[in-house]
Every structure is written in C-alpha cells, then in structure tokens.
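One protein chain, two forms: both are listed below as structure tokens, the first as structure 1 and the second as structure 2.
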Structure 1
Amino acid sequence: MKVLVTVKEVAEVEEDFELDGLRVADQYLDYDLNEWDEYAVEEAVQIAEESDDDVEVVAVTIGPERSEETIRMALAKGVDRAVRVWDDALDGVDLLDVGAKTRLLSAVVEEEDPDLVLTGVQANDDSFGATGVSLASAIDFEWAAVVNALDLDADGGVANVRRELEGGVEELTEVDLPAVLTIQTGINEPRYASLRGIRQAQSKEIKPLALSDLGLDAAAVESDLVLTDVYEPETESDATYFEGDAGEQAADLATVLREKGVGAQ
C-alpha cells in the first residue's frame, strides 16, 4: 500500500517587518510546515505503523530548494521519501491558484500511483481549502473532506471516516479506496521529530521534479490569480489601557463609557 501526503512550506511573518514590492522582505520570514499538513503526516505514519502489510509513505510538496529543510521534518517523523516539484516557470508566479496546484499534484499522483492521498484541510498562508477535493475530482478518486477520525478496514480497501459538517454536525461514512481525504486538526497528536529521526532524514530521498519530468509545460502553472497590492492595514483607532487595580480600572472604564453616552437614558 502507498500513502501520498501533500505538504506545504508556509511563511510566518515577524511582528515588525518591511515590504519589498508585492511581498514581505525575506529577512522577516520564518518557514515551517503547514499546521494542517502536520496532522496529515502523522495520520499517514500511524497508518504505516499500525498496518500488518508493507505501507510506503511518500510526501509531495511544491516549492523551491529552500523548502527541503521543511520537508525533511516530515521525513524525520516517519515519512519514507519525498518528491519536490519546482521549475523556473514557477519563479515568476505570485500565487498558485487551486487549478494550477491540482494540475501539478495530479501529475505526481499519476507517477506515484498511491492507494490513499492525504492533504491538510487548508493552508496557513493563503487559507485555500479546496485543493484536496479539486485533486480528487481531477484524478477521479473518491473523497471525504474535513476528516477528524480515520480507520482503514482489514483489507485496506475501505476507509471508515468521521468528518465535520457545518453547524457542529458530524458524519460517519465509508470511502472506497483509492481516495483523497482532507485531514482536520485534532485527528491525532503530531509527534516531535526524534534526534534519531532527524539524523535518518538526512539520508532519505527528496526527488526533485521539473514540469518536463511530469509531462507538463509552463501553461500548467498559469494562474487566474493576480497579486495587485500588498500593504499593512492602518490602525483605525487607539487602544486605551487603564492602570491600577481592578476597582480603579472599572471606575475609569465607567467614566469613559458615560462620556461616550453608553447607558445614558
């Protein structure tokens, strides 16, 4: 059995930063693994650990060489090997839309031929949450979104899942494999990478793939999204902090509210 996990490197912005054109300057960015993808990685590794059969876990990411440092953390947690998709044609793309990501990941699925694809529900940075379902549609796999519990049957042909619906409702359903499941936070407790795992990750394969390796060209990464402006929102009001103990703070707050006519008859 093969489980393919999509992972994404996301940037976290420091509290004080400067803009460089249409992006935050690199020196103010720290990179890490997308939060939802950490849960997808853990779920895939647990499937491999709990199965009596041979299960290979493969991670795939779309990112420059810099992202290998992040994807090695997935390898350190038990992923067997990784695939990194990047091409010069991607350097000039400000934002990859869901369609472009789907085309790239579909080509990887065709090459890897997995039984199960796990993705995070959404990304920390752009908050896109449609890639998993879009991928399932493109490759004609069954799918379930926002999965918060997963159990594979004994022969590995059916996934028994619990998924979140709107309004706090949960659904129990069976999904025939091959399938794509988007994983919700809280489905498990992601492990920390051990020192042994970190050392082993250094020798695990991260296979770079260009568009031509996947049978694609620059048209595959053309995006309908255009980044037109980036700015730091201006503060529209000032915050007032009341000094003193609770009683003094309450008195000061009451004075301000009266001055603003709150509670006036």
Structure 2
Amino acid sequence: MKVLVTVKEVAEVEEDFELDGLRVADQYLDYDLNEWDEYAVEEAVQIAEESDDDVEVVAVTIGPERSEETIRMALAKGVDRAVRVWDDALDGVDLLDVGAKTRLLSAVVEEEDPDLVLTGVQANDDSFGATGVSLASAIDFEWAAVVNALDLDADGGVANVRRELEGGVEELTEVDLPAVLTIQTGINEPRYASLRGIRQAQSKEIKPLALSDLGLDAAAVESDLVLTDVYEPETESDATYFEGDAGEQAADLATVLREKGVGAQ
C-alpha cells in the first residue's frame, strides 16, 4: 500500500511586520511545516507502522528549494521519501489558487498511484481549506474532510472516520477507498523527530519535479484569482488597555474585576 501525504511549508508572520507590495516583506516571515500537515504526516507514519503489509509513505509538496528544509522534518519523522513540485512558472505567482494546486497534485497522484491520500484540513498561511477535497474530486477518489479519528480497513476497502462538526458533535462516516482524508489536529500526537531520524532524513530522497516532468505546462498554474490588495486589518479594538509594569497592570485589572463582582467571595 502507498500513502501520499501532502505537506506545505507555511510562512508565519512575526508580531511586527511590514508589507512589500502584495506580500509580507521576507524578513518578517518564519517558515514552518503547516500545523495540520504535521498531524497528517503522523497519521500516515502510524498507518505504516501498524500495518502488517509493506506501506510506503510519500510526502508531496509544492514549494521552492528552500522548503526542502521543512520537508526534511517530515522525512525525519518516518516519511520514506518526498516529491517537490516547483517550476520557474511558479516563481512570480502571488496566489496559487485551489484549481492550480489541484492540477499539480493530480499529476503527482497519477505518477505515484497511491491508495490513500492524507492532507491537512487547511494551510495556515492562505487558509483556503479546500485542496484535499478538490483533489479528491479531480482524481475521482472518495473523501472526508475534517477527520479527527481514522480506523482504516484496507482489506475491506473502507475507512471509518470521525468528522468533527461544530459544537462538539462528531459524525461517524464510512468512506470507500481509495480516498483523500483531510486531517484535523488532535487526531494523534505528532512525534518529535529523533536524532537518528534527522540523520536518516539527510539521505532520503526529495525528488524535484518541474511542470514538464508532470506532463504539464505553464497553463496549469494560471490562476483565476488575482490578489489585488494586501493590508493590515484596521484594528477594531476599543479595549481599555492597562498600562505600566506587570504589577500595575494586574492591580488595575483586579480593580475592574472586583468592581464587577469577580473574586468577591
């Protein structure tokens, strides 16, 4: 069996930052593996560990060369090998929309022919939250979104999942395989990469693929969405701020709390 996990290096914006045109200026960005993808990677590795059969776990990312550093973290946690899609045509793209990601990942699925695809529920930078389900539709796999528990019955050809709905309600669903599941945080406890894992990851393959390697051309990354403006939201805060050192701030807050009857007993 083969499990494909989509992973993404996401940028996090520092507390203070400046914009540079339609982007956050580079020096204010920190890069990390997307939180939801960490759980997807862990789930895939656990499936491989718990199966009696040989299970290969392959990570796929769309990202520039820099992102290999982040992808190595997934390899260090037990992913067998990785595929990285990038192309000059992607260099100047401000916003890669869901359709474009779907076209690229569909081509990778065609190459890799996985039995199961795991993705994170959303990526914390552009927050589309749509790639997994869009991909499933494009490659004609079944799917389930926002999965917080998975019981895979590969022989029976189904995945029993829990989907976490709003308000503390969970839905129990049977999904026919092959499938794409979008993974919610909390499904497992992502492991830390061991030193041994980190060392081994150095020799694992991250295969770069250009559009032409996937039988695609620049049209595949043309997006129907155009980013037209990026700005810091106007602060709507009308909060009363307590100033001074921690002691003064705490004393002022305590006064307000007491006035309103908190902690009065």
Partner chain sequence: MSDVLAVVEHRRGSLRDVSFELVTAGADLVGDTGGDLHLAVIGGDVDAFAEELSLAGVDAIHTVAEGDEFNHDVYVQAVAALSEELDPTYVLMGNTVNGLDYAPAVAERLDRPLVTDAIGLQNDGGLVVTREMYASKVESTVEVDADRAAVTVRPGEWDAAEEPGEPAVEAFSFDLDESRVRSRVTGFEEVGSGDVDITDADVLVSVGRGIEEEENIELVQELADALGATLSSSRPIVDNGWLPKDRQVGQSGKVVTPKFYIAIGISGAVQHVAGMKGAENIVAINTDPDAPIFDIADYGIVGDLFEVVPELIEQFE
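Counting starts at 1 and follows the sequence of structure 1. Whichever C-alpha set is largest while still superposing within 1.5 Å between the two forms counts as the rigid core. No experiment lies behind these values; they were computed from the predicted model shown.
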task: When you get a sec, tell me if the form predicted together with the partner chain is 1 or 2.
output: 2
- request: Examine S212 after superposing the rigid core and state whether its CA is displaced by 2 Å or more between the two structures.
  value: no
message: Does V230 shift between the two structures by 2 angstroms or more at the C-alpha, the core having been superposed?
response: yes
Yes/no, T240 Cα shift of 2 Å or more between the two structures with rigid core fixed: yes
field: For L253, CA displacement between the two structures after the core is overlaid, in Å
entry: 8.0
